[in-house]
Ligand SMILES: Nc1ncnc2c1ncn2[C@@H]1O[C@H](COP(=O)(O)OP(=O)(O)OP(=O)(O)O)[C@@H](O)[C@H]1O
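One chain is shown next in structure tokens, namely the form predicted alone.
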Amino acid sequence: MPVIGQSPQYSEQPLLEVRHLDVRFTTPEGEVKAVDDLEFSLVRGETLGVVGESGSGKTQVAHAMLGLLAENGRATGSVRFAGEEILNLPAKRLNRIRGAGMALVFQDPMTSLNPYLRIGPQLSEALMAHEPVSGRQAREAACSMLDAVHLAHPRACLRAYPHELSGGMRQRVMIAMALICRPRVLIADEPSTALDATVQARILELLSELKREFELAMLLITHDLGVVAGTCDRVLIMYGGRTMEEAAVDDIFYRSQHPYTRGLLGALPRLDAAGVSRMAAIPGQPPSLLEPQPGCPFEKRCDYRFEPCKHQRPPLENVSAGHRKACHHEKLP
């Protein structure tokens, strides 16, 4: 089990506040409800991890906030950034916020970077779209930002094409591109998934370092609870588009109160006394979002299920200060 430190306490007003967020997609098979009544907030200097299996809806949360949903998608509810409602803003107004206020590090840098352009112009363009700077000033800022993300030989990197860089270098370029306009909120969507374990650890360390240096609020989206252990202050667990549990990171690892959270923790690889790796998969499959059931979406895979779980949706209720869960059981053993 990872060693978790004491989570800091935050008392200032939220920089990002999401309330009753729903995301739906119209498909030939019917309507898919990808995100269902999601709520969370984020303050300056805080990192919130959003964790769930593939298809849980976590990436669509980021896309909805930034107006990046596919054409067949629509979002309702409220997303307030620095006190301003931004959900479903016209593209022209939302472009003022993208990059300069909130920035997104995409999951796959190879498909996010333009393969036909050198790195320098791609970084410079991001800055010039938001700041009244000359091309020379933008190039110097791009070089400085590549240095800030610890890329060796940043000027040579500016002249390179994406395919000439390693996966870890491309991911650092994507982080530099997200930060070049000095946003206040950084959203990192599976920023280290395609990387090997050593490079993954370095990218996560870099994100934590840059969060402190730039005084960012960060939303870290991942399917791996192990990733959030040394990076996040709070964790929100999603399943079937809904919040299952939300708490400080040490509460999630040591005092979790939702069966799904415990299932994810059980799936983390650990060594027993004999040095043998042990982990337990969660049986069954995630629910179909085309046919959502009225009760708990985790009911069919849950070892603690009983009759109310099948027919009644569990409300998201406080377990203790800053700790919420959506489960009919008052307390798990």
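These numbers come from a predicted model, not from an experiment. Note that residue numbering begins at 1 and tracks the sequence as displayed.
Just so it is clear, the following notes concern the form predicted in complex with the named molecule, a form of the same protein that is not shown.
Mark Gln107 yes when one of its heavy atoms lies within 4.5 Å of a heavy atom of the named molecule in the predicted bound form, and no otherwise.
Output for Gln107 is yes: heavy atoms within 4.5 Å of the named molecule.
In the predicted bound form, Glu190 touching the named molecule (heavy atom, 4.5 Å)
Yes, Glu190 is a contact residue.
Considering only heavy atoms, tell me if Val32 and the named molecule come within 4.5 Å of each other in the predicted bound form.
Yes, contact at 4.5 Å.
Does any heavy atom of Gln285 come within 4.5 Å of a heavy atom of the named molecule in the predicted bound form?
No, Gln285 sits far enough from the named molecule in the predicted bound form that none of its heavy atoms falls within 4.5 Å.
Interface stretch in the predicted bound form with the named molecule - options 298 to 306, 39 to 47, 261 to 269, 56 to 64, non-hydrogen atom within 4.5 Å
That would be stretch 56 to 64.
Though the named molecule is not shown, can you say which of Gln137, Ser144, Asn72, Thr76 has a heavy atom within 4.5 Å of it in the predicted bound form?
By the 4.5 Å heavy-atom cutoff, the listed residue in contact is Asn72.
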